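Read on for two forms of one protein chain; each stands alone as structure tokens, with the labels structure 1 and structure 2.
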Structure 1
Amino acid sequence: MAQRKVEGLVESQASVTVISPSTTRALDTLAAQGLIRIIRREYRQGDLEGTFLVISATDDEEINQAVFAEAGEKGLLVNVVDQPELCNFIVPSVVRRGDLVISISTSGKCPVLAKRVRKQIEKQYGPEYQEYLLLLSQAREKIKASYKTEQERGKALERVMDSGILELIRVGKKDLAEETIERCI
């Protein structure tokens, strides 16, 4: 459980510290890559000093309670996995395509539905969306510099988005997509 939450945080560029006497191989690899810090011992009162967000994923009810209490005292965001009553925020299911981030939450009512919806959205918004968004953001900068009114800018961006570049990216024709954008602007 901890590993899954850490992976989500690392993907969001969070600075992550794991406190646990034992860790999974995947977490050890992240630490070796310098992406997280591991403190190899049990949680102690005071460990939450200086943190912004806390996830407690131990299999020890008492520890989870203690972490929740310390986080509450310090006014931190806290999530005790699988105990919604010990959470002041809920972790959503997430689809990431570069800077395109789609979060799905059932507000704790049925996480497995969130997972199902994620899988459907993943099919609809494939990996090509990462490149697509990158090109759109570059096009948008050019459009901002080329047109004076908001209306003109909006129309130019619509032209780019209606030009079929998503399909071109999908079939690997990035050069053609870039040329098409130039013509639209």
Structure 2
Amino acid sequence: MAQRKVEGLVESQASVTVISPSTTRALDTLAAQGLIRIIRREYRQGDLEGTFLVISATDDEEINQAVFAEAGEKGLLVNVVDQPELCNFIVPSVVRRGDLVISISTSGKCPVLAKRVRKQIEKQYGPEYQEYLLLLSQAREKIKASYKTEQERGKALERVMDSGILELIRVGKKDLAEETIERCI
């Protein structure tokens, strides 16, 4: 759980410090690459000095309570994983496909449901959506230059989206998808 949270923060280019006596190989690799800092010990009062956002992902109730209390004293954003009563913000489950970002939240009521829905969405919106969105974005720019009214532009973009280019991308026929887009415009 902590690893996934750290990876999301690193992806957002956050400065991340992990405080834990033990870590995963993936976290060790991120540290070796200089992307995160690891302090190999248990949390101590004062560790939150100079931070902006805190995520506690431990099964130790005493530590979670202490992290929440210190964060509250310092006015920090804090999320104790799977304990919405110890959070002043929630972290949605996220599916990323390039610039397509889909967030799923149960407002802390049932994170397991959010995870299940995320997995379903990951299957429905596969990696091909990254390329699809890129091509749609490029098509949109061409459409803006080719049509005068919003109504004409909307119809042209609908033609592109309804043309089957997503399926062409799925089967590796990007060139044919691009030709199809040009015909639709």
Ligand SMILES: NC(=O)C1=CN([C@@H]2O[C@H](COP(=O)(O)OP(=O)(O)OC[C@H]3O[C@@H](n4cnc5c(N)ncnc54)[C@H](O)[C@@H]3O)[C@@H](O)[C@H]2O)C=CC1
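For residue numbers, the reference is structure 1: its sequence is counted from 1. Note that the structure is a prediction, hence the values are computed from the model and not measured.
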Quiz prompt | Form selected (criterion: the form predicted alone) | solution = 2
Exercise. From Arg116, Leu133, Ile90, Ser163, grab the one where the chain hinges as the two rigid parts shift between structures 1 and 2.
Key: Ile90
Quiz item: What is the turn angle of the smaller rigid part between structures 1 and 2, given in degrees?
Solution: 23
